[in-house]
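For reference, the chain that follows is the form predicted alone, supplied as structure tokens.
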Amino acid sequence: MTTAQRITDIGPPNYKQFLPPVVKANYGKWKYHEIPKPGVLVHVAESGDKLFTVRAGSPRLISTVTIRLFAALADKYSGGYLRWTSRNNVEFLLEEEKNIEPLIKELGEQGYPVGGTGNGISSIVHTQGWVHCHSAATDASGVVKAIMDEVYPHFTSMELPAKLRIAFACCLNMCGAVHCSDIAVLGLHRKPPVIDHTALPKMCEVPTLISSCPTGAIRPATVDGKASVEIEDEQCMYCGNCYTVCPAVQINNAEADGISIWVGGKVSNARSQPMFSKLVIPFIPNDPPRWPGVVDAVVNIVDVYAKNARKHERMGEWIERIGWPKFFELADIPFSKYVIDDFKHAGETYNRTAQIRQ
């Protein structure tokens, strides 16, 4: 028995066994792809075979009822083959072009829009938020839902200058990879954790708690004759790592926590090297359930970009062309000292791209 034939229960199964027959037959031999309409792609192989993809938006957190619905649609129209993208869109992989419109119709009847391709806005990749994360500075699903309700027309069309990616992370640990998105929404804590000295000795190991702080802000201390800790406020960067290992060190603060907006990031090497997102709005208070402050800020930036950028120009490329002062002017965003990057290890001289720097 060869290694390839040996079956174990260690690790994930080989992905190739889940590929549609047309993909297996043309693996590595695809010639080009096109986007005939929003949410529909066609991949053409060197052999002439075609694979049609219908992409629909779906929530990041979905129920088994929704999964069964998608599975039933896949059985009916795409031979049972479907996949989820990294932005939580569901894609149905069809071999027969005649099934595209009936599938789109049924998805629409069930409330799932088709789109997220080409020069438009795809679904927002986001973190857990208040649904699951213990150290979130804001919600994720609620804010994302409120934003997507307003930018929905850009999901079902491809009329923006270029593709526009929005990401959301509910704290600066950035599970949502907001450091490289056209528009990034980032939750942030603004005050050091509050220590419950009564509960701490009962539920936490002091050495582990001290070592959890990446900046060394937590120091051993004795409070009321018991081993505890103290926090050097100036060294704290509000990451919440301490709260992860010790619930008695509470990072969440209903009044101080909120949201910041960053723009101009991208991963793509096309036309220019990858870019990091840059801070433009340092703080917006949490205002659930619809977060109007955040929604208005994002919609405003999208509208200004759509009106002023050139064809195929990403958000960061447009801003670099016109200059950051002009961007703040066009977007009517007040500039403050908090927007200035004064971090001494910002890495301005590091090569952060696969492109060769002369």
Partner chain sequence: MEKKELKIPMLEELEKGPWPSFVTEMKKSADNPMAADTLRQLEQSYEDKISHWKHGGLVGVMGYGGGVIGRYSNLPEQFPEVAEFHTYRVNQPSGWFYNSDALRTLCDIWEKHGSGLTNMHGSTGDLIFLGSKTEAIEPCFKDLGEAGYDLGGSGSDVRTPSCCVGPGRCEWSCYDTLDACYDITQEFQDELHRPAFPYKFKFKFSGCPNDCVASIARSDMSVIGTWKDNIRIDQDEAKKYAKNGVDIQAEICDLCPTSCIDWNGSNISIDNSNCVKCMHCINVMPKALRPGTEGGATILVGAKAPIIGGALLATVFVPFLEMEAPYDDIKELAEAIWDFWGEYGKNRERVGEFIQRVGLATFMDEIGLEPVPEMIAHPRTNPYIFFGDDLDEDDE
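In this text, the rigid core denotes the largest set of C-alpha atoms whose superposition between the two forms falls within 1.5 Å. Since the structure is predicted, the reported quantities are computational estimates derived from the model, not experimental observations. Numbering follows the first chain given and starts at 1.
Beyond what is shown, the protein has a form predicted in complex with its partner chain; the following relates to that form.
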_in the predicted complex, segment of 97-105, 111-119, 191-199, 223-231 with a heavy atom within 4.5 Å of its partner chain_ = 111-119
_Leu160, Ile210, Cys236, Ala177 - the one with a heavy atom within 4.5 Å of its partner chain in the predicted complex_ = Ala177
*Identify, from the list Glu320, Glu34, Glu329, Asp296, the residue with a heavy atom within 4.5 Å of its partner chain in the predicted complex.*
Glu34
*At the 4.5 Å heavy atom threshold, is Asp139 in contact with its partner chain in the predicted complex?*
yes
*Indicate whether its partner chain has at least one heavy atom within 4.5 Å of a heavy atom of Arg219 in the predicted complex.*
no
*asked:* Please tell me whether any heavy atom belonging to Ser260 falls inside 4.5 Å of a heavy atom of its partner chain, as the geometry stands in the predicted complex.
replied: no
*asked:* Just checking whether Pro21 would be counted as a contact of its partner chain in the predicted complex - the rule being heavy atoms within 4.5 angstroms.
replied: no
*Which residues, if any, of 316-334 lie within 4.5 Å of its partner chain in the predicted complex when only heavy atoms count?*
none
*Rigid core fitted, is the C-alpha displacement of Cys246 between this form and the one not shown 2 Å or more?*
yes
*asked:* If I superpose the two forms on their rigid core, does the C-alpha of Glu96 end up displaced by 2 Å or more between this form and the one not shown?
replied: no
